[in-house]
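What follows is one chain in structure tokens, specifically the form predicted alone.
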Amino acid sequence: MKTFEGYRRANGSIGVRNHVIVINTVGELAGLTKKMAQLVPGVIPVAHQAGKAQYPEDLEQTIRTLRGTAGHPNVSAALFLGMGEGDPAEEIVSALKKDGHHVHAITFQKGQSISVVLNEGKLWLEKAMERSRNEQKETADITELTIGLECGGSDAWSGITANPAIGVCSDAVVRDGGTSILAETTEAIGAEHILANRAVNPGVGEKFLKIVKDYEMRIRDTGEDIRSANPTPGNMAGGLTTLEEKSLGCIKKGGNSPLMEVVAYAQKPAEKGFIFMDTPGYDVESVAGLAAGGAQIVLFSTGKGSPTGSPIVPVIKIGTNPKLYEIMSEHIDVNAGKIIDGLNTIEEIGEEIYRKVIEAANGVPTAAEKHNNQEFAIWRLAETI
């Protein structure tokens, strides 16, 4: 039985990190969020530009992402910064407290000096940091682990080395009772029928095909055709020639396990096993959605050395080719290019990735964490009003 040492939360979930974060509800407070975090060493800012002038569907998605981020098992405590009347900070914090989370909200009001607010936040964060340092780890089973699957800057080797090796790891995690979430709806277009055929029942398959169709229609409404706009110029520079070629390589990250459930962006799965989450192809927004949906660790393949990380979850970077590892080894955790050199098989690299997952779950920092790569952005479905 595989286990790891994590932090047990009041709601029963288990975290592989013990972060204290400060997070804004509206974009106007992004700068003050970073300033607040700088007042207390060790606090991580989760700053973004969403939360205002949004369509109802986007606002709902933003709040779901903020709630999932602050209530993530990797987060020991979260301070929300809100602004003015009607801000959702207090409502989000109230809901999270009912689930046992250590959270607090400060709302900026007119007539109140910023220095007073910053001092109030600093005092709360100092106590939260002290509380987090006293929290102890306990042994958890691998069945409590959820991994997210992502790629960024794909090349012609992605579907031959890194992605199928991630698929081996994904199948092993699912076989051991854990959960694996594949993201990026745009990267499934052209190969959607293959994933749909793996659905555990017709309802799951139909839901998956619907989100792919809806995504394509939204893009078509803007005057663009995703099937002609992809692969991107960067993908083509890496040797990819068609959308279908890119998508067939992308879905290999999901291995061969049955598709158990399809969830919305930043939504927590109700099922265990292999899951699909509706996210964009943009890796920063996609990783944020996977984390808010409960993934404690994200596996990320790259053919161009994307440095994307996360403020709350370890991101394990898997390079697709030996030249990339030679040039950017400080950003890569696993060199799947060894498959090209004939040094390892896909199965052996998949096993190496799984070992990295266990190491990261036990607290070993990933390359992205060592470099403090903490990108965060929330997916928008419509334009700003």
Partner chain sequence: MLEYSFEGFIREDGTVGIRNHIGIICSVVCSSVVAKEISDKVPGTVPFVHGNGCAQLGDDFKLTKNMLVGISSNPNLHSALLVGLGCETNQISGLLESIPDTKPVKGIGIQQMAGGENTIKKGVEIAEQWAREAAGQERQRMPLSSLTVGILTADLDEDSLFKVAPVIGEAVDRLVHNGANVIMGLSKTLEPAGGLLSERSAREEVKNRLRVMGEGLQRKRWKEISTEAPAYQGFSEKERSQAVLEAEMTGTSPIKSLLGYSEIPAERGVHLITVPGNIVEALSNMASSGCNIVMIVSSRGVLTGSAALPCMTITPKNQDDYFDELVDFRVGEGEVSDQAEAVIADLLEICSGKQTSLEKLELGEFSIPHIGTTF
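Residue numbers count along the first chain shown, from 1. Since this is a predicted model, take the numbers as computed values, not measurements.
Just so you know, the form predicted in complex with its partner chain exists too; it's not on screen, but the next bit is about it.
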| query | finding |
| --- | --- |
| Which of 126-134, 219-227, 288-296, 174-182 lines the interface with its partner chain in the predicted complex (heavy atom within 4.5 Å) | 219-227 |
| Of 71, 121, 159, 281, the one that lies within 4.5 Å of its partner chain in the predicted complex (heavy atoms) | 281 |
| Contact residue in the predicted complex, from 272, 304, 104, 198 (heavy atom within 4.5 Å of its partner chain) | 304 |
| Whether 18, 335 and 344 all lie within 4.5 angstroms of its partner chain in the predicted complex by heavy atom | no |
| Its partner chain contact at residue 353 in the predicted complex, heavy atom, 4.5 Å | no |
| Any non-hydrogen atom of residue 267 within 4.5 angstroms of its partner chain in the predicted complex | no |
| Residue contact check: residue 39 to its partner chain in the predicted complex, 4.5 Å heavy atom | no |
| Partner contact for residue 215 in the predicted complex: its partner chain, 4.5 angstroms, heavy atom | yes |
| Neighbours of its partner chain in the predicted complex among 304-334 [non-hydrogen atom within 4.5 angstroms] | 304, 305, 306, 307, 308, 327, 328, 330, 331 |
